Every structure is written in C-alpha cells, then in structure tokens.
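First, one chain by itself: the form predicted on its own, in structure tokens.
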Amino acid sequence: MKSSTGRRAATKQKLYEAAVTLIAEQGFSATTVDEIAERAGVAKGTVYYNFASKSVLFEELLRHGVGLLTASLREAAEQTARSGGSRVDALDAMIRAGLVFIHRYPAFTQLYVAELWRTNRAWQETLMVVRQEAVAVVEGVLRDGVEAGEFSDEIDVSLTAAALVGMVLVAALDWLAFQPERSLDDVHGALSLLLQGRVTGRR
C-alpha cells in the first residue's frame, strides 16, 4: 500500500506527463488546467492541490525534467570514473546518456529547447538555473580533463560544455523528427566520432 507521500509523487508524475504532452501538442497558452486534469485522470482540484497555477506546474515540470537529465549525465560520468575510464570516455558516456534521456522524453525535450529561446516567461530565471546545472556537470569533466592534461588548456570550458549539451539536444531532436529509422547506437556513434575529433584533436 502506497504512503500518502508516494501517492502524491505518483499524482505529480501523472500531471507532469499530461502537461508536457498537451503543451507539446498545442502550446502553453492553449492548454487548460481542465485538459491537464482530464489527461492525467484526476479532478481539476487535484491540479491546484499540487500546484498553485498552470505556470507553477510548468515551472516545476522544467525543474523535474532537467533534474532527471542532470542526474543521468552525472551518473554516466561517475560510472565511467569508477570503471577507470578517461574523461573522453566520460563525455562519450554522457552523450549516450543524453540521447537515452531524449529518446525516452522527446516531448519534454522539445519543450525545453523551445523555452530556452523565449524571454517573456515567468519561469525564465528557473530555466536558466536548471540549464546551468546540467551544463555544469559537463564543465566539471572538461575542467578535470584540462587539469589532468587530457584536454588542451586552450579550450573554453563553459562554451565547450554548452556546445556539447546543445549538440546532443539538437542532434537527438533531428534524429527523432527526421531520421527515426536510425538506431540510438548509430546516432551515438556519429556524435562520438565528432567528440573524438573536436575535443581531443585526434586525426
């Protein structure tokens, strides 16, 4: 039997999934709380019990989704370190983890990328914070690699980290939208080759 905390977490997850699907389909403004409740299979009051407003729900959705992505990137890096892999191996594992996440949550990823370029949203500051948390995981691996002499000290760590995250996001969305016949292994292999050439300078 689930505890009240477990039930509430499950309800929130249903609301997240309903909201992200609807907003991806028809946009934030066109999506109503009634529709979110109906899609989640709960009463309208349940939405307001868990979230003060639709905007708060969406802000928490962004925190939740990017938090999952950040955790998967961090775990990929830590697992590589535990197994004795290099920093390039860690970045490669993070690329794969990012692709796995996006393949699992394509609607959320579309929303996240779209919202990055908007400037008039109430949750803009939150979005910038959670984006930086994800990028910071990649920055940490790059910084460690520079200090260990594995990467050139000429690289711009913050810009390179943002570029790697952006590469995975955009390439994965392109894959899912326009090249869905390709396997995850195929896409990962292509990005892995790009990583090897751009970061380590190998020929």
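Counting begins at 1, following the sequence as shown. Quick caveat: nothing in here was measured; it's all calculated off a predicted structure.
Keep in mind that the form predicted together with the DNA is missing from the display, and what follows is about it.
Although the DNA is omitted here, in the predicted bound form none of 151, 160 and 164 has a heavy atom within 4.5 Å of it. Look at 37-45, 168-176, 151-159, 66-74: in the predicted bound form, residues with non-hydrogen atoms within 4.5 angstroms of the DNA sit in 37-45.
Within this chain, residue 54 lines the site of the DNA in the predicted bound form, having a heavy atom no more than 4.5 Å away.
Contact check for residue 21: every heavy atom lies farther than 4.5 Å from the DNA in the predicted bound form. The closest heavy atom approach of residue 192 to the DNA in the predicted bound form falls outside 4.5 Å. Using a 4.5 angstroms limit between non-hydrogen atoms, residue 33 touches the DNA in the predicted bound form.
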